[in-house]
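Okay, so here's just one chain, in structure tokens, the form predicted alone.
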């Protein structure tokens, strides 16, 4: 594998952009005396948006075992802790792959 300068520059630019947005948000929030209600509502929506961006591709691109595991995790997560949700989804995927195949 040889060194690719273009790819290294892209990675460095992405790292700089990520750092700038994170530190910029921190500086903006720390300089405010109080957070406006609209901004607070937007910040409260961030975890759901991030979770959706992580789960949606797995659901729509993944196989049937992924879809079933996510549905099981949804219902388990409504009633039990995160650990049981992860264990249940893992059991679904492993059972599917060992009985039906990958």
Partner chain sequence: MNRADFVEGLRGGSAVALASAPFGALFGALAVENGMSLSEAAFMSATVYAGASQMVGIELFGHNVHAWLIVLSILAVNFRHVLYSAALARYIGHFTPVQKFFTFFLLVDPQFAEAVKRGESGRQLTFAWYLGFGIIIYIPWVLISIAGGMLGGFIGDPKAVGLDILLPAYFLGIVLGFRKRDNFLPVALVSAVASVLAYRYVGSPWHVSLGAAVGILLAAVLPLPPQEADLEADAIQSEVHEV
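Since we're looking at a predicted model, the values are computed, not measured. Here, rigid core means the biggest group of C-alpha atoms that superpose within 1.5 Å across both forms. Positions refer to the first chain, counted from 1.
What follows is about the form predicted in complex with its partner chain, which we do not show.
Enquirer: Within a 4.5 Å heavy atom cut-off, is residue 56 in contact with its partner chain in the predicted bound form?
Expert: Residue 56: contacts its partner chain in the predicted bound form.
Enquirer: My question is simply whether residue 46 lines the interface with its partner chain in the predicted bound form - judged by any non-hydrogen atom within 4.5 Å.
Expert: Judged by the heavy-atom cut-off of 4.5 Å, residue 46 is in contact with its partner chain in the predicted bound form.
Enquirer: Look up in the predicted bound form whether residue 32 has a non-hydrogen atom within 4.5 angstroms of its partner chain, and give yes or no.
Expert: No.
Enquirer: At 4.5 Å between heavy atoms, is residue 100 in contact with its partner chain in the predicted bound form?
Expert: Contact with its partner chain, no.
Enquirer: So which bits of 60-89 sit within 4.5 Å of its partner chain in the predicted bound form, heavy atoms only?
Expert: In sequence order, 60, 61, 66, 69, 70, 73, 74, 77, 78, 81, 82, 83, 85, 86, 89 come within 4.5 Å of the partner.
Enquirer: Please say whether, between this form and the one not shown, the C-alpha of residue 78 moves by 2 Å or more once the core is aligned.
Expert: The answer is no, as the C-alpha of residue 78 shifts between this form and the one not shown by less than 2 Å after core alignment.
Enquirer: Checking residue 68 here: with the core superposed, does its CA move 2 Å or more between this form and the one not shown?
Expert: It does not, since the residue 68 C-alpha is displaced less than 2 Å between this form and the one not shown after the core fit.
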